[in-house]
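Two separate entries follow, structure 1 and structure 2, each one form of the same protein chain as structure tokens.
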Structure 1
Amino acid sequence: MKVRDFVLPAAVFFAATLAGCAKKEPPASDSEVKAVFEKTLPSTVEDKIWQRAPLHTAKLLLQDMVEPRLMQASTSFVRVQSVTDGRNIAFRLSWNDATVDDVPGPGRFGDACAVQLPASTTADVPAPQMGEEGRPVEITYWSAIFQAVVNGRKDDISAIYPRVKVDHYPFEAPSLKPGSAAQQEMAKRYAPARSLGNPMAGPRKVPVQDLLAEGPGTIRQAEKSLSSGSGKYSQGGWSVLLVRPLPGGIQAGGRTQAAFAIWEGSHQEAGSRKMRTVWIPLSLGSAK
């Protein structure tokens, strides 16, 4: 055997082993989402911590309980990982998606995902379909449309339709100094949702929303916005980081339930038209 005959396969084997080390698959967790304890929560979807967090693959079901329903399945599963530091909890959701849908418009919908937790941890959980009256659920919602704006897309019609020509906006008249109180006040008048503080209307600093619900159709903005997150599209799918405070009554080492939802924009999914999971047990690790 010549040296060359030995070196080449050995190099290939060594390189493959290295690559395997760099892309270490996290351990699987089939029956529940296990939030591992870490002193510091991950700040991105690429954080190395995720290599240690068990991966739960959750099957997604059609939301076919209340009208309007989703009648045709789209995304079939979501991969969930979780990390807690005892005060906050981070989720990493990833799912396959052939298209990036992050542009709003008539007949256009954005990709999105959400994590749902019972607002208080008790022996039994509220209905998985967004809770029930008197037994609220807390929802952290991420939208690809929000993410695109946070990433720097101008919050303007020209960012969506680059060739658009607008003659005039009354609140951008030369007589109004840009950014002045009078100008801002007038601009609000032409965007009623924004002037009412509707969280759908922006301005937007984070791509997530903190929401509460007590049954289908009851979603509302939480009193405080405490969650953060970020989403990234690569290799035919989304990976989204959601970080939020632990819900009331649960701490490190405890157990609760979580549910997840995915909206596929190219499938015109929004609101109740979504793929969702049932409640999935969520166990929280603690400091050793």
Structure 2
Amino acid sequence: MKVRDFVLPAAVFFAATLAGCAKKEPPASDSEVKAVFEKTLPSTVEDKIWQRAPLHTAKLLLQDMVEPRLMQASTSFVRVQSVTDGRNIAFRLSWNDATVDDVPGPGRFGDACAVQLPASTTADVPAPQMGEEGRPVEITYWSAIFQAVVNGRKDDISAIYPRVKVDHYPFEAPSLKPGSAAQQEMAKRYAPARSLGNPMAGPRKVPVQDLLAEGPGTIRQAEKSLSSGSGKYSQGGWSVLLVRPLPGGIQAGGRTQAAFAIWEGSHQEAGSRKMRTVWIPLSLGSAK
């Protein structure tokens, strides 16, 4: 046997082995987001369910319709997958981002994403720009800043500014027992946003918020927070899981619309300064 007769079969075997070990790519869905039906929803962005959930690549547009506008494009697209169990729906959003922006502070902006659904399912959906008066939309919002706190970063100034030097805080006085009513009351005096009930301030148990809106500038916190989720940064981008109840009037086998938004902190994006999609058809699978 000649050497080349041995090399060729070996090369073919090696290539086949690599192909068998390669990560399975999910099927593509060009025209809509397809939520596959599963009895158990995924709990992480790495769940094997995502290998069989169709992948929709959604083009992102500048939010240049209302002030403050975003006039220079940043993130080009977001990859969307979805799974439903007939009661709740899970989304996996992934996008490229060269930097991790998860630290709050003056002049700092955090990475974030959101999914928006009509609050009620009708043939005529409200405007994709956060709904219309009398026609609300439900928004599930994830923040990298929230995620860092959930992951264990302390909610104090030294965690945000590692080189800070604090001489003394009255609520840390030795005479105040940690966790006592007197100590907590003193701590509130030095955290005015938290003491006033600002939902953006203070420690967090989940990195997501449930919001409602009836047009630009009307966003408010939902009465109950029912969503959950988590985000992970790797290989130059974010992957975020958002799990929330299905809106009223929609169930397994039904159809509605969804819209998505991405904020890039390093691009100074916050609030209405964002990249966003139009309404995208969303179909829900049902049990076979």
Partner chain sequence: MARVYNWQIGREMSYWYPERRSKKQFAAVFDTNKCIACQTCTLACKTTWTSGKGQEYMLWNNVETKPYGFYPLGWDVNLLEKLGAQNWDGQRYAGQTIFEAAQAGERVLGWRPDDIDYANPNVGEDDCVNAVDRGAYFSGVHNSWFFYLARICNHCTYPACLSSCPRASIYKRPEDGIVLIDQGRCRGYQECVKACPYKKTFYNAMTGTSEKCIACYPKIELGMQPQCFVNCIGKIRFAGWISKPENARADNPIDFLVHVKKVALPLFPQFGLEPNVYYIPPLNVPREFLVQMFGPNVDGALETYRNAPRDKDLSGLLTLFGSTELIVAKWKRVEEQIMGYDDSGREIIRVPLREPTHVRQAFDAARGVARTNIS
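In this text, rigid core is short for the largest set of C-alphas that superpose within 1.5 Å between two forms. Throughout, residue numbering runs from 1 along the sequence of structure 1. Bear in mind that the values here come from a model prediction, so they are computed numbers and not experimental data.
Chemist: Would you indicate whether the form predicted together with the partner chain is structure 1 or structure 2?
Modeler: Looking at both, the form predicted together with the partner chain is number 1.
Chemist: Does Gly217 move appreciably between structures 1 and 2, meaning a CA displacement of 2 Å or more on the superposed rigid core?
Modeler: No, Gly217 moves less than 2 Å.
Chemist: Classify Gln72 as shifted (yes) or not shifted (no) between structures 1 and 2, where shifted means its C-alpha moves by 2 Å or more with the rigid core superposed.
Modeler: Comparing the forms between structures 1 and 2, which are aligned on their rigid core, Gln72 does not shift its C-alpha by 2 Å or more.
Chemist: Does Ala173 show a Cα shift reaching 2 Å between structures 1 and 2 after rigid-core superposition?
Modeler: True for Ala173: a C-alpha shift of 2 Å or more.
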